[in-house]
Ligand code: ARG
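Just the one chain here, laid out as C-alpha coordinates, in the form predicted on its own.
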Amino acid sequence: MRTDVVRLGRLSGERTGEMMKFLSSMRADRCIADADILVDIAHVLMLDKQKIIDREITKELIPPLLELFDEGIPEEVFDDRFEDVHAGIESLIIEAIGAEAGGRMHMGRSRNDEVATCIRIKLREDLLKQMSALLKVREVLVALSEQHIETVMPGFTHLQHAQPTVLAHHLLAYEQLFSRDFDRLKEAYARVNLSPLGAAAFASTGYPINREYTATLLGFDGVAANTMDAVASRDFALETLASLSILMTNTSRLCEELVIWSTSFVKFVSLDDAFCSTSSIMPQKKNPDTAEIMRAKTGSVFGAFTGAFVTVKGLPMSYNRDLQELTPHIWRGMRDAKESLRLLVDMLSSATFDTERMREEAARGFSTATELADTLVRSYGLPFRTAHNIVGRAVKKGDLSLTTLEEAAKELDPGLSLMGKALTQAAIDEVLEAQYSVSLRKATGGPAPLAIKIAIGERKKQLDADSCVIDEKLAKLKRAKEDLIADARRLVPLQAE
(Lines give C-alpha, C1' and ligand atoms only; values in the text may rest on other atoms or scores of the structure.)
Protein backbone atom coordinates (compact mmCIF):
# COMPACT_ATOMS: atom_id res chain seq x y z
CA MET A 1 0.00 0.00 0.00
CA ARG A 2 1.31 3.43 -0.90
CA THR A 3 2.25 5.37 2.24
CA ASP A 4 2.39 9.04 3.11
CA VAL A 5 6.07 9.87 2.57
CA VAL A 6 5.80 13.01 4.68
CA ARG A 7 5.32 11.03 7.93
CA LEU A 8 8.22 8.58 7.53
CA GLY A 9 10.75 10.74 9.38
CA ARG A 10 9.69 12.64 12.50
CA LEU A 11 6.46 10.84 13.33
CA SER A 12 5.58 7.28 14.24
CA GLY A 13 2.49 5.44 15.33
CA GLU A 14 -0.60 4.48 13.40
CA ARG A 15 -3.52 6.81 13.01
CA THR A 16 -7.07 5.57 13.21
CA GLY A 17 -9.29 5.92 10.17
CA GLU A 18 -11.32 8.52 12.05
CA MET A 19 -8.19 10.54 12.82
CA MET A 20 -6.97 10.39 9.21
CA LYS A 21 -10.36 11.50 7.95
CA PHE A 22 -10.47 14.36 10.46
CA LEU A 23 -7.08 15.69 9.43
CA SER A 24 -7.46 15.08 5.71
CA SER A 25 -8.20 17.95 3.35
CA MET A 26 -8.89 15.66 0.41
CA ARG A 27 -12.46 16.78 -0.31
CA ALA A 28 -11.36 20.38 -0.81
CA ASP A 29 -8.09 19.29 -2.45
CA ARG A 30 -9.94 17.81 -5.41
CA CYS A 31 -10.48 21.38 -6.54
CA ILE A 32 -6.75 22.12 -6.63
CA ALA A 33 -5.35 18.77 -7.78
CA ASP A 34 -4.86 19.85 -11.40
CA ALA A 35 -3.23 23.07 -10.24
CA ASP A 36 -0.83 21.04 -8.10
CA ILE A 37 0.51 19.22 -11.17
CA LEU A 38 1.24 22.55 -12.87
CA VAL A 39 2.98 23.80 -9.72
CA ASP A 40 5.06 20.60 -9.54
CA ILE A 41 6.13 20.93 -13.17
CA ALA A 42 7.02 24.63 -12.78
CA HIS A 43 8.95 23.92 -9.59
CA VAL A 44 10.96 21.11 -11.20
CA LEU A 45 11.77 23.29 -14.22
CA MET A 46 12.98 25.99 -11.85
CA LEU A 47 15.13 23.49 -9.90
CA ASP A 48 16.62 22.40 -13.21
CA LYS A 49 17.21 25.95 -14.46
CA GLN A 50 18.92 26.92 -11.20
CA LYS A 51 20.99 23.70 -11.28
CA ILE A 52 19.60 22.69 -7.90
CA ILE A 53 18.95 19.27 -9.43
CA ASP A 54 20.80 17.55 -12.26
CA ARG A 55 19.26 17.38 -15.71
CA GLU A 56 19.08 13.58 -15.42
CA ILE A 57 16.90 13.93 -12.32
CA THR A 58 14.71 16.39 -14.19
CA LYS A 59 14.28 13.88 -17.00
CA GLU A 60 13.07 11.31 -14.48
CA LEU A 61 10.70 13.66 -12.69
CA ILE A 62 9.00 15.27 -15.69
CA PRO A 63 7.51 12.17 -17.43
CA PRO A 64 5.28 11.00 -14.54
CA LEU A 65 4.16 14.59 -13.98
CA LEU A 66 3.28 14.99 -17.67
CA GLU A 67 1.44 11.69 -17.51
CA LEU A 68 -0.65 13.01 -14.65
CA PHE A 69 -1.28 16.19 -16.66
CA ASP A 70 -2.29 14.20 -19.78
CA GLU A 71 -4.17 11.30 -18.21
CA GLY A 72 -5.53 12.82 -15.02
CA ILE A 73 -4.85 12.08 -11.37
CA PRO A 74 -5.71 8.53 -10.22
CA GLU A 75 -8.34 8.18 -7.53
CA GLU A 76 -5.95 6.51 -5.08
CA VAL A 77 -4.08 9.81 -4.67
CA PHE A 78 -7.16 11.16 -2.85
CA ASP A 79 -7.16 8.43 -0.22
CA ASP A 80 -7.53 9.73 3.34
CA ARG A 81 -4.33 7.98 4.40
CA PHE A 82 -2.59 10.96 2.79
CA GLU A 83 -3.09 14.21 4.66
CA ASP A 84 -3.53 16.09 1.41
CA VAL A 85 -3.28 15.79 -2.35
CA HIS A 86 0.29 17.14 -2.32
CA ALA A 87 1.50 14.26 -0.19
CA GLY A 88 -0.52 11.84 -2.29
CA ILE A 89 1.05 13.00 -5.56
CA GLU A 90 4.55 13.04 -4.11
CA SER A 91 4.06 9.51 -2.78
CA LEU A 92 2.88 8.41 -6.23
CA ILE A 93 5.92 9.96 -7.94
CA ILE A 94 8.36 8.33 -5.49
CA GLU A 95 6.71 4.96 -5.96
CA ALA A 96 6.88 5.36 -9.74
CA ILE A 97 10.53 6.44 -10.12
CA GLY A 98 12.09 5.79 -6.72
CA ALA A 99 13.19 8.00 -3.86
CA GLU A 100 16.52 8.93 -5.45
CA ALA A 101 14.80 11.05 -8.11
CA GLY A 102 11.25 11.37 -6.76
CA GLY A 103 12.47 12.43 -3.34
CA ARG A 104 14.10 15.53 -4.84
CA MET A 105 10.91 17.07 -6.25
CA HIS A 106 10.10 18.83 -3.00
CA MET A 107 13.47 20.54 -2.59
CA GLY A 108 13.24 24.24 -1.87
CA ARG A 109 9.54 24.36 -1.05
CA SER A 110 6.98 23.44 1.61
CA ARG A 111 3.41 22.30 1.42
CA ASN A 112 2.64 25.73 2.88
CA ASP A 113 3.69 27.67 -0.22
CA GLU A 114 2.60 24.82 -2.48
CA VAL A 115 -1.02 24.83 -1.30
CA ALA A 116 -1.19 28.64 -1.23
CA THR A 117 -0.05 28.68 -4.86
CA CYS A 118 -2.54 26.01 -5.90
CA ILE A 119 -5.41 27.86 -4.22
CA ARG A 120 -4.54 31.05 -6.07
CA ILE A 121 -4.30 29.24 -9.42
CA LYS A 122 -7.72 27.65 -8.96
CA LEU A 123 -9.26 30.81 -7.53
CA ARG A 124 -8.09 33.05 -10.38
CA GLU A 125 -9.70 30.65 -12.87
CA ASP A 126 -12.94 30.70 -10.90
CA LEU A 127 -12.82 34.48 -10.68
CA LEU A 128 -12.59 34.78 -14.45
CA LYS A 129 -15.52 32.38 -14.84
CA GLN A 130 -17.50 34.42 -12.34
CA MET A 131 -16.65 37.64 -14.14
CA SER A 132 -17.76 36.04 -17.43
CA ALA A 133 -21.06 35.00 -15.87
CA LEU A 134 -21.54 38.53 -14.55
CA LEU A 135 -20.86 39.90 -18.00
CA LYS A 136 -23.64 37.71 -19.44
CA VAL A 137 -26.11 38.84 -16.78
CA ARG A 138 -25.29 42.46 -17.58
CA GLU A 139 -25.62 41.84 -21.32
CA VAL A 140 -29.09 40.37 -20.79
CA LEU A 141 -30.13 43.36 -18.67
CA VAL A 142 -28.92 45.80 -21.33
CA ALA A 143 -30.64 43.81 -24.10
CA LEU A 144 -33.92 43.81 -22.16
CA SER A 145 -33.53 47.52 -21.53
CA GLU A 146 -33.31 48.17 -25.27
CA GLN A 147 -36.67 46.44 -25.67
CA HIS A 148 -38.34 48.48 -22.92
CA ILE A 149 -37.13 52.05 -23.34
CA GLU A 150 -40.71 53.31 -23.34
CA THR A 151 -42.33 50.67 -21.15
CA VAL A 152 -43.80 52.89 -18.43
CA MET A 153 -44.11 51.33 -15.00
CA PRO A 154 -44.46 52.49 -11.40
CA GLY A 155 -41.34 53.20 -9.42
CA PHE A 156 -41.42 52.40 -5.73
CA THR A 157 -40.00 53.61 -2.46
CA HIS A 158 -40.91 51.76 0.72
CA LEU A 159 -42.78 49.36 -1.62
CA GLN A 160 -45.29 52.18 -2.20
CA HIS A 161 -46.04 53.77 -5.56
CA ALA A 162 -43.63 56.69 -5.81
CA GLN A 163 -43.03 58.10 -9.31
CA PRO A 164 -43.40 56.65 -12.80
CA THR A 165 -40.33 55.29 -14.52
CA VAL A 166 -39.67 52.87 -17.35
CA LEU A 167 -38.68 49.22 -17.19
CA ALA A 168 -35.38 49.98 -18.93
CA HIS A 169 -34.49 52.41 -16.13
CA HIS A 170 -35.22 49.73 -13.53
CA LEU A 171 -33.19 47.06 -15.31
CA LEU A 172 -30.24 49.39 -15.90
CA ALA A 173 -30.14 50.06 -12.16
CA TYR A 174 -29.34 46.37 -11.64
CA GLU A 175 -26.81 46.45 -14.46
CA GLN A 176 -25.01 49.23 -12.60
CA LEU A 177 -24.99 47.13 -9.43
CA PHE A 178 -23.56 44.13 -11.26
CA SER A 179 -21.03 46.35 -13.02
CA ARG A 180 -19.60 47.33 -9.65
CA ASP A 181 -19.57 43.65 -8.66
CA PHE A 182 -17.51 43.01 -11.78
CA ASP A 183 -15.06 45.75 -10.78
CA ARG A 184 -14.68 44.31 -7.29
CA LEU A 185 -13.87 40.86 -8.66
CA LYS A 186 -11.46 42.38 -11.18
CA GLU A 187 -9.66 44.20 -8.38
CA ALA A 188 -9.61 41.03 -6.25
CA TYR A 189 -8.08 39.14 -9.19
CA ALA A 190 -5.08 41.49 -9.16
CA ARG A 191 -4.33 40.51 -5.56
CA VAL A 192 -5.07 36.82 -6.10
CA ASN A 193 -2.74 36.52 -9.09
CA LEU A 194 0.53 36.78 -7.16
CA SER A 195 2.72 33.73 -6.58
CA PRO A 196 3.61 32.49 -3.07
CA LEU A 197 5.78 29.70 -4.50
CA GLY A 198 9.28 29.78 -3.07
CA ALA A 199 8.17 31.11 0.30
CA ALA A 200 8.62 27.54 1.60
CA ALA A 201 7.36 27.05 5.15
CA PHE A 202 7.50 30.84 5.74
CA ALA A 203 11.19 31.79 5.81
CA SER A 204 12.05 31.00 2.20
CA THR A 205 14.88 28.53 1.57
CA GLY A 206 18.65 28.37 1.39
CA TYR A 207 18.53 26.89 -2.11
CA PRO A 208 19.22 29.41 -4.90
CA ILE A 209 15.63 29.39 -6.14
CA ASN A 210 14.13 31.81 -8.66
CA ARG A 211 10.63 32.83 -7.53
CA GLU A 212 10.09 35.20 -10.44
CA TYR A 213 10.73 32.39 -12.91
CA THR A 214 8.10 30.06 -11.44
CA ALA A 215 5.67 32.99 -11.20
CA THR A 216 6.10 33.63 -14.92
CA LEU A 217 5.78 29.92 -15.79
CA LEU A 218 2.48 29.75 -13.91
CA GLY A 219 1.02 32.92 -15.41
CA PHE A 220 1.16 35.06 -12.27
CA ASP A 221 1.55 38.81 -12.52
CA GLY A 222 4.29 38.80 -9.88
CA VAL A 223 5.25 37.32 -6.53
CA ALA A 224 3.74 37.71 -3.08
CA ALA A 225 6.92 39.28 -1.77
CA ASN A 226 7.18 38.73 1.99
CA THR A 227 7.52 34.98 2.43
CA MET A 228 5.79 34.88 5.81
CA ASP A 229 2.84 36.85 4.48
CA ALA A 230 2.79 34.71 1.32
CA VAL A 231 1.96 31.48 3.18
CA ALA A 232 0.14 32.85 6.23
CA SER A 233 -2.35 35.26 4.68
CA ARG A 234 -5.69 34.48 3.11
CA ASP A 235 -7.00 38.02 2.79
CA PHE A 236 -7.17 37.47 -0.97
CA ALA A 237 -9.74 34.76 -0.26
CA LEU A 238 -11.60 36.93 2.24
CA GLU A 239 -11.72 39.75 -0.30
CA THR A 240 -13.09 37.39 -2.93
CA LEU A 241 -15.75 36.00 -0.59
CA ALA A 242 -16.68 39.53 0.53
CA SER A 243 -17.10 40.56 -3.11
CA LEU A 244 -19.18 37.45 -3.78
CA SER A 245 -21.34 38.25 -0.75
CA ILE A 246 -22.08 41.72 -2.12
CA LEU A 247 -22.74 40.19 -5.53
CA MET A 248 -25.20 37.70 -4.07
CA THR A 249 -26.89 40.47 -2.09
CA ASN A 250 -27.54 42.26 -5.36
CA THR A 251 -28.69 39.02 -6.98
CA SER A 252 -31.05 38.40 -4.07
CA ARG A 253 -32.56 41.88 -4.44
CA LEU A 254 -33.32 41.21 -8.09
CA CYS A 255 -34.76 37.79 -7.26
CA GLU A 256 -36.93 39.33 -4.56
CA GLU A 257 -38.43 41.70 -7.10
CA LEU A 258 -39.01 38.91 -9.60
CA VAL A 259 -40.82 36.95 -6.89
CA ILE A 260 -43.01 39.95 -6.01
CA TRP A 261 -43.58 40.92 -9.63
CA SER A 262 -44.70 37.39 -10.51
CA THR A 263 -47.45 37.32 -7.87
CA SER A 264 -51.07 37.32 -9.01
CA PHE A 265 -51.71 40.74 -7.45
CA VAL A 266 -48.78 42.41 -9.20
CA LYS A 267 -48.43 40.41 -12.42
CA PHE A 268 -45.58 42.42 -13.92
CA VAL A 269 -43.59 39.38 -15.04
CA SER A 270 -44.12 35.77 -15.97
CA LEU A 271 -41.15 33.47 -15.43
CA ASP A 272 -40.66 30.57 -17.80
CA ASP A 273 -42.14 27.32 -16.47
CA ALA A 274 -38.67 25.76 -16.42
CA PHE A 275 -37.76 28.04 -13.51
CA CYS A 276 -40.94 27.39 -11.54
CA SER A 277 -42.62 24.54 -9.72
CA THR A 278 -46.19 23.66 -8.80
CA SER A 279 -47.80 22.50 -5.60
CA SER A 280 -48.29 18.87 -4.67
CA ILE A 281 -51.82 19.72 -3.50
CA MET A 282 -52.84 23.01 -5.17
CA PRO A 283 -53.01 22.45 -8.93
CA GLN A 284 -53.21 26.15 -9.82
CA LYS A 285 -49.84 27.08 -8.31
CA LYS A 286 -46.83 28.34 -10.27
CA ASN A 287 -44.09 29.06 -7.77
CA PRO A 288 -40.90 31.02 -8.61
CA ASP A 289 -38.67 28.44 -6.90
CA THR A 290 -35.45 29.19 -8.78
CA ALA A 291 -35.50 32.83 -7.70
CA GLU A 292 -36.30 31.76 -4.15
CA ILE A 293 -33.40 29.30 -4.03
CA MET A 294 -31.09 32.05 -5.31
CA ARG A 295 -32.15 34.19 -2.37
CA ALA A 296 -31.28 31.31 -0.07
CA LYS A 297 -27.91 30.76 -1.78
CA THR A 298 -27.07 34.30 -0.69
CA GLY A 299 -27.15 33.05 2.89
CA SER A 300 -24.88 30.17 1.93
CA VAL A 301 -22.30 32.56 0.45
CA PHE A 302 -22.58 34.79 3.53
CA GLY A 303 -21.92 31.68 5.62
CA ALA A 304 -18.83 30.83 3.58
CA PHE A 305 -17.49 34.36 4.05
CA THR A 306 -18.24 34.37 7.78
CA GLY A 307 -16.67 30.94 8.27
CA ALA A 308 -13.53 31.99 6.43
CA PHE A 309 -13.31 35.31 8.25
CA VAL A 310 -13.68 33.76 11.71
CA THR A 311 -11.10 31.10 10.84
CA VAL A 312 -8.47 33.73 10.08
CA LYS A 313 -9.22 36.39 12.70
CA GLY A 314 -7.33 34.82 15.61
CA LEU A 315 -4.38 33.28 13.81
CA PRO A 316 -0.84 34.41 14.63
CA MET A 317 1.84 34.51 11.96
CA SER A 318 2.76 32.43 10.15
CA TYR A 319 1.13 29.23 8.83
CA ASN A 320 -1.45 27.44 11.00
CA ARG A 321 -3.34 24.28 10.11
CA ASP A 322 -6.60 26.12 10.76
CA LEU A 323 -6.24 27.52 7.24
CA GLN A 324 -7.09 24.08 5.89
CA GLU A 325 -10.65 24.63 7.13
CA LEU A 326 -10.87 27.95 5.31
CA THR A 327 -10.30 26.49 1.86
CA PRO A 328 -13.65 24.64 1.53
CA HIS A 329 -15.42 27.92 2.25
CA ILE A 330 -13.75 29.46 -0.80
CA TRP A 331 -14.99 26.75 -3.15
CA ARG A 332 -18.48 26.63 -1.62
CA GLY A 333 -18.96 30.39 -1.89
CA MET A 334 -17.63 30.47 -5.43
CA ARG A 335 -19.72 27.49 -6.53
CA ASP A 336 -23.01 28.86 -5.17
CA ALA A 337 -22.43 32.29 -6.69
CA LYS A 338 -21.39 30.84 -10.04
CA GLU A 339 -24.39 28.49 -10.28
CA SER A 340 -26.79 31.28 -9.32
CA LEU A 341 -25.52 33.68 -11.97
CA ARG A 342 -25.63 31.09 -14.73
CA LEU A 343 -29.26 30.34 -13.95
CA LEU A 344 -30.08 34.03 -13.56
CA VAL A 345 -28.98 34.65 -17.16
CA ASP A 346 -31.47 32.10 -18.49
CA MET A 347 -34.24 33.10 -16.09
CA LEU A 348 -34.04 36.73 -17.18
CA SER A 349 -33.68 35.90 -20.88
CA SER A 350 -36.82 33.77 -20.88
CA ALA A 351 -38.98 36.05 -18.70
CA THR A 352 -41.89 37.93 -20.27
CA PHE A 353 -43.02 41.30 -18.96
CA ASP A 354 -46.65 42.42 -18.95
CA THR A 355 -46.17 45.94 -20.28
CA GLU A 356 -49.89 46.78 -20.23
CA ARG A 357 -50.14 45.79 -16.59
CA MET A 358 -47.12 47.98 -15.78
CA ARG A 359 -48.59 50.92 -17.66
CA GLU A 360 -51.89 50.43 -15.85
CA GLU A 361 -50.15 50.70 -12.47
CA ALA A 362 -47.77 53.52 -13.45
CA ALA A 363 -50.01 56.43 -12.41
CA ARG A 364 -51.74 54.76 -9.47
CA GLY A 365 -51.21 55.95 -5.94
CA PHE A 366 -50.89 59.57 -7.10
CA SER A 367 -47.43 58.67 -8.47
CA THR A 368 -47.40 61.76 -10.71
CA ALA A 369 -48.11 64.15 -7.83
CA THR A 370 -44.47 65.24 -7.77
CA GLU A 371 -44.68 66.38 -11.38
CA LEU A 372 -47.83 68.36 -10.58
CA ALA A 373 -46.03 70.12 -7.72
CA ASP A 374 -43.04 70.79 -9.99
CA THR A 375 -45.39 72.23 -12.61
CA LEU A 376 -46.90 74.62 -10.06
CA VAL A 377 -43.34 75.79 -9.39
CA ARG A 378 -42.11 75.98 -12.99
CA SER A 379 -45.19 77.33 -14.69
CA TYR A 380 -47.04 79.21 -11.97
CA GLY A 381 -44.27 80.64 -9.84
CA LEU A 382 -45.05 78.97 -6.49
CA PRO A 383 -42.28 78.13 -4.02
CA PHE A 384 -41.69 74.37 -4.05
CA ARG A 385 -42.67 73.84 -0.41
CA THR A 386 -45.94 75.70 -0.99
CA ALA A 387 -46.68 73.62 -4.09
CA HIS A 388 -45.71 70.43 -2.18
CA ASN A 389 -48.12 71.27 0.64
CA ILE A 390 -50.99 72.13 -1.72
CA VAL A 391 -50.67 68.87 -3.65
CA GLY A 392 -50.22 66.89 -0.42
CA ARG A 393 -53.46 68.36 0.99
CA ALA A 394 -55.27 67.55 -2.26
CA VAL A 395 -54.06 63.94 -2.13
CA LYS A 396 -55.33 63.71 1.43
CA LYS A 397 -58.72 64.92 0.17
CA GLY A 398 -58.72 62.13 -2.41
CA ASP A 399 -58.18 63.71 -5.84
CA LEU A 400 -56.05 66.13 -7.83
CA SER A 401 -58.82 68.03 -9.63
CA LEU A 402 -58.60 71.77 -10.11
CA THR A 403 -61.40 72.28 -7.59
CA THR A 404 -59.64 70.24 -4.91
CA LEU A 405 -56.29 71.91 -5.55
CA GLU A 406 -57.88 75.34 -5.32
CA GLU A 407 -59.53 74.36 -2.04
CA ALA A 408 -56.20 73.09 -0.68
CA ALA A 409 -54.46 76.32 -1.72
CA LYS A 410 -57.07 78.42 0.08
CA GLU A 411 -56.67 76.37 3.25
CA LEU A 412 -52.94 76.97 3.16
CA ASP A 413 -53.18 80.66 2.25
CA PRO A 414 -56.59 82.35 1.91
CA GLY A 415 -55.07 84.91 -0.44
CA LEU A 416 -53.71 82.27 -2.82
CA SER A 417 -55.70 81.29 -5.93
CA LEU A 418 -54.45 78.73 -8.46
CA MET A 419 -57.30 79.58 -10.78
CA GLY A 420 -56.22 83.18 -10.55
CA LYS A 421 -52.83 82.04 -11.82
CA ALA A 422 -54.59 80.55 -14.87
CA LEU A 423 -54.17 76.89 -13.85
CA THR A 424 -56.61 74.75 -15.85
CA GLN A 425 -57.90 71.20 -15.57
CA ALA A 426 -56.40 70.43 -18.99
CA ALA A 427 -52.96 71.44 -17.74
CA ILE A 428 -53.41 69.27 -14.67
CA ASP A 429 -54.51 66.27 -16.72
CA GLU A 430 -51.46 66.59 -18.98
CA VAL A 431 -48.88 66.56 -16.19
CA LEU A 432 -50.64 63.70 -14.41
CA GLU A 433 -49.98 61.39 -17.38
CA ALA A 434 -47.25 58.91 -16.47
CA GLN A 435 -45.62 59.06 -19.89
CA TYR A 436 -45.45 62.86 -19.74
CA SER A 437 -43.87 62.76 -16.29
CA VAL A 438 -41.20 60.30 -17.46
CA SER A 439 -40.45 62.24 -20.65
CA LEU A 440 -39.35 65.32 -18.67
CA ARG A 441 -36.67 63.46 -16.72
CA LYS A 442 -33.84 63.84 -19.23
CA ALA A 443 -30.94 64.44 -16.86
CA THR A 444 -28.06 61.96 -16.92
CA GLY A 445 -29.21 58.59 -15.62
CA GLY A 446 -32.89 59.49 -15.71
CA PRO A 447 -35.78 57.46 -17.19
CA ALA A 448 -36.62 59.68 -20.19
CA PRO A 449 -36.17 57.81 -23.51
CA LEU A 450 -33.31 60.08 -24.60
CA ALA A 451 -31.42 59.57 -21.32
CA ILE A 452 -32.04 55.82 -21.46
CA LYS A 453 -30.68 55.54 -25.01
CA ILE A 454 -27.54 57.41 -24.00
CA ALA A 455 -27.14 55.17 -20.94
CA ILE A 456 -27.54 52.01 -22.99
CA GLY A 457 -24.84 53.18 -25.39
CA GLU A 458 -22.47 53.86 -22.50
CA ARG A 459 -23.19 50.52 -20.87
CA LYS A 460 -22.48 48.69 -24.13
CA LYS A 461 -19.09 50.39 -24.37
CA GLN A 462 -18.32 49.34 -20.80
CA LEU A 463 -19.41 45.78 -21.52
CA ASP A 464 -17.04 45.65 -24.50
CA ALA A 465 -14.17 46.96 -22.36
CA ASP A 466 -14.89 44.46 -19.59
CA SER A 467 -15.11 41.63 -22.10
CA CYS A 468 -11.64 42.56 -23.36
CA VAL A 469 -10.30 42.44 -19.78
CA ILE A 470 -11.52 38.87 -19.40
CA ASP A 471 -10.22 37.81 -22.82
CA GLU A 472 -6.77 39.26 -22.11
CA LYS A 473 -6.47 37.52 -18.76
CA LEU A 474 -7.71 34.19 -20.13
CA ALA A 475 -5.31 34.43 -23.06
CA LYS A 476 -2.38 35.11 -20.73
CA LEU A 477 -3.17 32.11 -18.54
CA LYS A 478 -3.67 29.88 -21.59
CA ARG A 479 -0.31 30.92 -23.07
CA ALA A 480 1.47 30.39 -19.76
CA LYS A 481 0.03 26.89 -19.39
CA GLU A 482 0.87 25.95 -22.97
CA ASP A 483 4.41 27.32 -22.63
CA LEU A 484 4.92 25.53 -19.31
CA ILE A 485 3.94 22.14 -20.74
CA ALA A 486 5.92 22.76 -23.93
CA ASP A 487 9.03 23.59 -21.89
CA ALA A 488 8.58 20.42 -19.87
CA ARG A 489 8.13 18.25 -22.95
CA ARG A 490 11.26 19.65 -24.56
CA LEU A 491 13.33 18.33 -21.68
CA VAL A 492 12.03 14.80 -22.06
CA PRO A 493 12.73 12.60 -25.12
CA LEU A 494 9.71 10.96 -26.70
CA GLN A 495 8.97 7.51 -25.30
CA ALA A 496 9.49 5.99 -28.74
CA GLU A 497 13.01 7.29 -28.78
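We number the residues from 1 along the sequence you see. These numbers come from a predicted model, not from an experiment.
The next section is about a form of this same protein that is not shown, the form predicted in complex with the named molecule.
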| query | finding |
| --- | --- |
| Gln324, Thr370, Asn287, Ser270 - the one with a heavy atom within 4.5 Å of the named molecule in the model of the complex | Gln324 |
| Selected contact from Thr151, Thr311, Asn112, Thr227, since only one has a non-hydrogen atom within 4.5 angstroms of the named molecule in the model of the complex | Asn112 |
| Contact stretch among 186-194, 314-322, 97-105, 202-210 - heavy atom within 4.5 Å of the named molecule in the model of the complex | 314-322 |
| Proximity of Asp84 to the named molecule in the model of the complex, heavy atoms at 4.5 Å | yes |
